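The chain that follows stands alone, in the form predicted on its own, written as structure tokens.
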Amino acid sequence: MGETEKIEVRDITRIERIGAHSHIRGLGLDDVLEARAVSQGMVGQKDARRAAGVVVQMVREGKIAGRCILLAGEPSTGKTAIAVGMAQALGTETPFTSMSGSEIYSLEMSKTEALSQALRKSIGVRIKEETEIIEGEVVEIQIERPATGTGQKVGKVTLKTTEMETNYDLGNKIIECFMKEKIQAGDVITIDKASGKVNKLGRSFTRARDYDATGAQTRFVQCPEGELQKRKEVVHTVTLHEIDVINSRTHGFLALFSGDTGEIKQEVRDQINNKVLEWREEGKAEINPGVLFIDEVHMLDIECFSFLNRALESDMAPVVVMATNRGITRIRGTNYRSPHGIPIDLLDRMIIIRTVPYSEKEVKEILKIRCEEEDCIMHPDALTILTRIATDTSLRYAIQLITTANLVCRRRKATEVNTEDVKKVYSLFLDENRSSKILKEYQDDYMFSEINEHEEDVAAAGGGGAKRRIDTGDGDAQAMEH
């Protein structure tokens, strides 16, 4: 037998679309955890990013469990962006689970069960096992189909290495795998003897001149050495929650795809924890603690906070990152007020990272990055107006106008968004301030308007209703209301 080799098995494929934070590739830190001004899609927030980099380093070492971090700051200051940057910096090897505080109220299970599942989804287990495989280059493959079109297919394959060549009879299941993977002569493949899974490693270098069987994405590999049959160490990466589901359902592995996993008994989790710890002692598994990110954490109630207090004391707890934009407010489920709407005893366990509002220069840089992400070419004057809109309204609103302005630009068969396109979408789509002003002005025309006279007086005194004007640089001006 050849030497035991180690291969990694990951069956999860991520499909990415352009989203609110799809431009973020990491935290934008250098080797000594200093934040660059603009890097990996991140702009500004240097102190917050440096602090997040220290947390990432702590997670990578995996020695400390149950730490809690709070990202606190005003709306549109990049709290979720920093969390996404942490996920990107940790990579696919580290589990990262993201949820909103309000999600737990819409699930068909108890609030504490929803939090338990989220915590266990954030802890990975790397299970090692040895398996026998056949690895070689396909010399010839023959598959005979029944003349009637139905019945069992019969096949033979000839595999070779640099030292030997052998013929194998193929069963119906492996024939289906061969046809699915489009295996042909000259391909280097592996066959798992236990499961029958066929994996195409690439095309042999000896067939590099077969231009009809190669394409732009073709990967060339060397013909395997040694014997055809080998033992390899395979590493399966799963989460504790996936192990919970498999062991708590009669459907077993298929329960992962049924969607509704229901509540899992604590006895099952305790048994799995003991088994995983036993595997770790024997060297069969490694525990890989990840990150649970809870956005809008102020939406959790006192029961959830009490549960988290206890759960964070466990050795199997991940690092929990929370985000909130609330100041001193009421703790949900009580009549008590507290900073960020979080009980004081839980705040004592946290290290708090503050985010600060972006400067106008940073806002402009963020909008420029978003334009590149959405393949939108924008004139510098239009970008200046959009930056002014963002500082006078909100960054989120200005980002929404990029896509709409680009569509208006394409309707007039142009390739570059100009100032007129931005003005047009600004007049078509209201921001929160202008919409609120219209509601106050025409409240009697709407159904079920519940604003009372006292609130009207307060709104009139504090609302202001002042107008600002955006100078476009060519003598025109666009009115903006607050």
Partner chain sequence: MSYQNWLDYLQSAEKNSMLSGKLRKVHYKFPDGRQMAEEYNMDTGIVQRRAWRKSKQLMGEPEWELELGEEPRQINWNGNNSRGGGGDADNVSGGEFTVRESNSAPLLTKRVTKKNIEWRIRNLPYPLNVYNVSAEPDLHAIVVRTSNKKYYKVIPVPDLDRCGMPPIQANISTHHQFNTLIITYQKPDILCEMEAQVLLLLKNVETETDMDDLLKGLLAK
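The structure displayed is predicted, hence computed values, not measured ones. Numbering follows the first chain given and starts at 1.
The protein also exists as the form predicted in complex with its partner chain; that form is not presented, and the subsequent description refers to it.
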Exercise for the section: Look up in the predicted complex whether Arg231 has a non-hydrogen atom within 4.5 angstroms of its partner chain, and give yes or no. Expected result: yes
Handout entry: Partner proximity in the predicted complex: Glu281 to its partner chain, non-hydrogen atom cutoff 4.5 Å
Key = no
Problem - its partner chain contact in the predicted complex: Met164, any heavy atom under 4.5 Å - result: yes
Problem - Non-hydrogen atom contact Phe220 with its partner chain in the predicted complex at 4.5 angstroms - result: no
Exercise for the section: Go through 129 to 137, 377 to 385, 108 to 116, 70 to 78 and give me the stretch that gets within 4.5 Å of its partner chain in the predicted complex, heavy atoms only. Expected result: 129 to 137
Exercise for the section: Select from the listed residues Ser100, Ser306, Gln400, Asn172 the one whose heavy atoms reach within 4.5 Å of its partner chain in the predicted complex. Expected result: Asn172
Practice task
Select from the listed residues Met86, Leu292, Val363, Ile191 the one whose heavy atoms reach within 4.5 Å of its partner chain in the predicted complex.
Solution key: Ile191
